[in-house]
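Have a look below at one chain only, the form predicted on its own, in structure tokens format.
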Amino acid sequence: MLYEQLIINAAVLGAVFTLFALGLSLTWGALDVLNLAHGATFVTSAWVATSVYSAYELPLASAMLVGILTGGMIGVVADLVAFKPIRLLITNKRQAELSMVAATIGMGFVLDRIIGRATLDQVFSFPARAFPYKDFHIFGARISNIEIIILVLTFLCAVLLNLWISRSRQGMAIRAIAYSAKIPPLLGIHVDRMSAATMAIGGMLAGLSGTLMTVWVSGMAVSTGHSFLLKGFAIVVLGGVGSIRGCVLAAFILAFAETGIVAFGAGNLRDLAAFSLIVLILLFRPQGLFGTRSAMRA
């Protein structure tokens, strides 16, 4: 296999990893919520998108929008049903965080079982007619139109999210919440509203990545969400919790490591070698590539 083709394959995989991990990093960095239902949101959104497409023959772009909105709604429901009551009832911050993690585990299990029963735990996908694939050749390597779309959308999402967090009033509010949950209300910041918005954006990123992944690899299964959740967790830790730049870099490091290992015939060692690389980096920089040692992360 040409090295150029390996680079393209790794870049596209890194882009999908990035979209998935950005949502996880955003909620963890801003709200101190390690959302372990993120993988289930990823799969559920993709399943809803494929189901809507099959039922109503919508254009693929519209079906993808359905997947994105599904992810956002799951995030908002999680915040309203679980996280907001926990914030109100449990005043101890550490206990509240643990309770939220437990809530996301339960929510993820429920979503997994719903999709598992609906699909009989089989792979689901868009119909072959949904997206006409077209290949392009660059320096002897092949790249498809869906891969170009994935790369462009990932770049746009990462840039827009970074600008929103760093320069908008809402982004400043989220960074204030990440620094302290007590100070923002004194500044007129509606914590519950911003929390729901953050969860919605995180869910929308999961929905977008899940839908694109389903188109790219021609299928999705419930177990895919579990695999991506583990990798997303590793990416966020490696890049630095709440760091968008770190998340992007870590996602591509993991993708290139996995692709290279598979290409050289050691596919069964893919996860072992990739996560060993992450452990090695964290030994020298425990806070992650772009993380800080202070409490302010977003």
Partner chain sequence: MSIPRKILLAGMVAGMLSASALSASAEDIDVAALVEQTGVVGYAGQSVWKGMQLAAEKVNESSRLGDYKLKIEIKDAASNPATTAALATQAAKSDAVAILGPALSSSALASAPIAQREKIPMIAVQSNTEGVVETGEYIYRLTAPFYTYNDLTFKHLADEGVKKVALSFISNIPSVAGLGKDFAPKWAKEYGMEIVASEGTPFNTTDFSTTIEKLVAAKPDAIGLYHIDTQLTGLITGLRRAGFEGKLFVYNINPSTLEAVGDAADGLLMSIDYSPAMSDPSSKEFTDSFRKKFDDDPTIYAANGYDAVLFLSAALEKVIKAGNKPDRENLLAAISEVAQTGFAGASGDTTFDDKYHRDARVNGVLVRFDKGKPNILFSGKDR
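Numbering follows the first chain given and starts at 1. Bear in mind that the values here come from a model prediction, so they are computed numbers and not experimental data.
There is another form of the same protein, the form predicted together with its partner chain; it is not shown, and what comes next is about it.
A.B. asks: Spot the stretch among 117-125, 200-208, 68-76, 151-159 with residues whose non-hydrogen atoms come within 4.5 Å of its partner chain in the predicted complex.
C.D. replies: Going by heavy atoms within 4.5 Å, the stretch is 117-125.
A.B. asks: I'd like to know if residue 212 sits close to its partner chain in the predicted complex, meaning any non-hydrogen atom pair within 4.5 angstroms.
C.D. replies: Residue 212: no contact with its partner chain in the predicted complex.
A.B. asks: At 4.5 Å between heavy atoms, is residue 139 in contact with its partner chain in the predicted complex?
C.D. replies: Residue 139 lies outside the contact set for its partner chain.
A.B. asks: Does residue 263 make contact with its partner chain in the predicted complex, using a 4.5 Å heavy atom cut-off?
C.D. replies: Close contact exists here: in the predicted complex, residue 263 approaches its partner chain to within 4.5 Å, heavy atoms only.
A.B. asks: Can you tell me if residue 166 lies within 4.5 angstroms of its partner chain in the predicted complex, counting non-hydrogen atoms only?
C.D. replies: Contact check for residue 166: no, nothing within 4.5 Å of its partner chain in the predicted complex.
A.B. asks: Taking its partner chain as it sits in the predicted complex, which residues of 63-84 have a non-hydrogen atom within 4.5 Å of it? Please list them.
C.D. replies: Residues within 4.5 Å: none.
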